[in-house]
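The chain below stands alone and is given in structure tokens; this is the form predicted alone.
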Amino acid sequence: MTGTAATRVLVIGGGIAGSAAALGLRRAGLDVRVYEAHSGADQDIGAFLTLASTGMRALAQLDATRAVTAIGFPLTSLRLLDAEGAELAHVPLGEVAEPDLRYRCLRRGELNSALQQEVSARGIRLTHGARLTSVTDGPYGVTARFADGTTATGDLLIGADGLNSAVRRALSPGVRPGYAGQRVFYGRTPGAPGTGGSGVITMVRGSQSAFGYAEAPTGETYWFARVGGDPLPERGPGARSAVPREELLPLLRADPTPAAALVAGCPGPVMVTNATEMPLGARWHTGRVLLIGDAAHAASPATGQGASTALEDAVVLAKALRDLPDAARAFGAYERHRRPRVEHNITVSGGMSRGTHAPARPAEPNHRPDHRDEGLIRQLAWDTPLSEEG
């Protein structure tokens, strides 16, 4: 939208989606301010994530690759085991030939911190402790009001404030994430050699759970388990609890795989949360306000695409506001480009969580872990104009 510095964009949320959006919008020539509710980067103890090659490609378009490759470790292959521990497949993962585009395993809090540091390094104002209470969208601007009584006014407002989005509550009060059919346990186990080697992520199709793990170069193993059943007592979408390992171990000991030993070796309690997802067709924008990331399209973690889709969002949004003449057309084009991809992910991931969709086999077209989506690659390329059609 005549991407000039006079266009001020308020980004609510300084996590992965918000920080990446700020980097993209600044690169597109807009004046960006970021407002984060927490007082510092959420360290999310125990939690880790994987960035797919598409997420790493998006980071490259934001000139943020080095900030992220300085943390975590690359993943170059995927190993699949059955409930007996037999290897079903071992295949390349992502764009292995390009070091900067390889899948990456890292702690969520470290990724948040790295992106926020990049935001500050580029002179973008980032305010912590700014908890949004209301949004007023008027004919000449949009105003955010915060719990401490302060306000901020801009030309546009981007809601990148996650599962419990305050911006979404203002935009669509009745829309919220729902339970996706599984509880997700996660942790880190020190000194657990022989788990497949560094650079390999192993997925186990257990008889009573889905389990995954990856060994860091330090010898520490990151792991998760997805277990069906009733949800944890509601404390808000995405809320985490610490529980004894014994809640999980009996399910894993039913199978002769490495899963039970990894969890048994994890010091202290393990973390657990409900898998959640946004309903399909939820509204993403109105007037000067737009939702991105989990605030718009949170999915069950079964496909492991959440952080990568947030980074993709940031690039496509920045290009839309750079290339199209006004916010209405830019927001519309952004949605046309993004909704089919992310809602397909919600559907597939939710089906896997509820057991109605089998995990993708590595040999299936368009679901191979080394598959290149040429359309998405063109969509993310910074020097390629974004069309108004999706």
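Note that the structure is a prediction, hence the values are computed from the model and not measured. Start at 1 and count along the sequence shown; that's the residue number.
Omitted here: the form predicted together with a small molecule. The next part is about that form.
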{"query": "Contact stretch among 89-97, 279-287, 130-138, 211-219 - heavy atom within 4.5 Å of the small molecule in the predicted complex", "finding": "130-138"}
{"query": "The unique member of Gly154, Gly304, Gly181, Pro74 whose heavy atoms fall within 4.5 Å of the small molecule in the predicted complex", "finding": "Gly304"}
{"query": "4.5 Å heavy atom contact, Glu312 and the small molecule in the predicted complex", "finding": "no"}
{"query": "The small molecule contact at Ala160 in the predicted complex, heavy atom, 4.5 Å", "finding": "yes"}
{"query": "Contact label in the predicted complex: Ile16 to the small molecule, heavy atom within 4.5 Å", "finding": "yes"}
{"query": "Residue contact check: Arg329 to the small molecule in the predicted complex, 4.5 Å heavy atom", "finding": "no"}
